[in-house]
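This document opens with one chain alone, in structure tokens, the form predicted on its own.
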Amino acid sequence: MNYARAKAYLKLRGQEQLLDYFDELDKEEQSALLNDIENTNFNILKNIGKNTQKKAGKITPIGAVSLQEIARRKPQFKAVGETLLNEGKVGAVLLAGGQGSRLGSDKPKGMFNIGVTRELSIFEQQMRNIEEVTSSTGRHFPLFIMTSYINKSETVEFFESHDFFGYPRDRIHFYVQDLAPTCDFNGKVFLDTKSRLSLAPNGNGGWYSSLINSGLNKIIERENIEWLNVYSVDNVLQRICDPVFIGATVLKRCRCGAKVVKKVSPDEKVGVLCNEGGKPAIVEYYEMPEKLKNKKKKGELVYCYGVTLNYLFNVHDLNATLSGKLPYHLAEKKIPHMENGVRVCPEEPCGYKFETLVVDMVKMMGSCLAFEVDRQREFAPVKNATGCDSVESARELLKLNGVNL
């Protein structure tokens, strides 16, 4: 794309401001800007003013496979899950695009040292958790790691410098999450610098479309992978490709599964798996009506199953579901951008970021198994430096599980 084509292209979309500083750029910078313009999906901007939150109906509680039932049926569930793992029908996807800024680190979050007397990164601990499965099955499943465009190189280098934590190199595949433009409240796309558009990751719901766009879906097709276990870098106690979880989801004939924990209080900041209009849905803690959030029966919360961001998706159903495409959510953010020739960092929200959410993927699947796990064994989020869901609380839970820190 040259300047003339870019100008005409942007004029049709009302985005001519993106060329305001073009004459001030050198050839390399001009090329970078034109490349951004050519490869940016401006159609996303049509979501401004639309109500992407479709009313799905009445919110009601959802049943779960309880800890008691899991203990009783564990051999049966585990046998089915291990068979699928041994047949190479399961893969895993790690969502690792986040930075450790809230932990006081400028590195990818997975590189954060959770150890005390020794180095133990979040990445390493999660890879050690994977060993629990691979040591019993004797087979290494493919692991897809989604990074951001900012931290891919650093993440790959970290895995390489640690010899991929003993995992076969050819079974780990890195890819970058797709980006979406940011804009002001009037739909004008921001410039991050004079030569680059302001682009942001397209939300955690973009994990699968980004994987497809990277071309890594060819591995899934070639190996006939039927299930993908998607999990977040935040939780150091994640159990990945857990055969019991896989087997339960399959035997319960669900299109997807979600590991859940019982909430410790009505105000715990986790999304709640429930039914919405008769279909499984995740209602975020800040969206749950007060009356429902606090509702109890026999002394226990009725809406009690908090999601841990550990999901199992059937690939065939995932492909069919995503043909309808996920809705974009508009998040009001403080977005650094160019303004009158100067890059500003606003103190108040100044525009939109466009995000797709994994919770919508669950809703579109039509059925989801709520699989209860012991929070002391499988739920140690690392979101804050201190206090609740922090480095401190995660370390205590790791010690409780016998991990040498």
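For every residue, the number given is its place in the sequence shown, counted from 1. Superpose the two forms; the largest set of C-alphas matching within 1.5 Å is the rigid core. All values derive from a computational prediction rather than experimental measurement.
The following text describes the form predicted in complex with uridine 5'-triphosphate (UTP), which does not appear among the structures shown.
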Among R255, K109, K293, K263, just one has a heavy atom within 4.5 Å of uridine 5'-triphosphate (UTP) in the model of the complex, namely K109
The one option of Q99, T137, N275, S209 with any heavy atom within 4.5 Å of uridine 5'-triphosphate (UTP) in the model of the complex is Q99
Which of 310-318, 88-96, 71-79, 263-271 lies within 4.5 Å of uridine 5'-triphosphate (UTP) in the model of the complex, heavy atoms considered? The stretch 88-96
Practice problem: Kindly confirm or deny that M146, N204 and D234 each have some heavy atom within 4.5 angstroms of uridine 5'-triphosphate (UTP) in the model of the complex. | Solution: yes
Is T155 close enough to touch uridine 5'-triphosphate (UTP) in the model of the complex, meaning at least one heavy atom pair within 4.5 Å?
no
Mark Q177 yes when one of its heavy atoms lies within 4.5 Å of a heavy atom of uridine 5'-triphosphate (UTP) in the model of the complex, and no otherwise.
yes
field: 4.5 angstroms heavy atom contact with uridine 5'-triphosphate (UTP) in the model of the complex for K383
entry: yes
(request) Please check if E332 moves between this form and the one not shown, taking a CA shift of 2 Å or more relative to the superposed core as movement. (result) yes
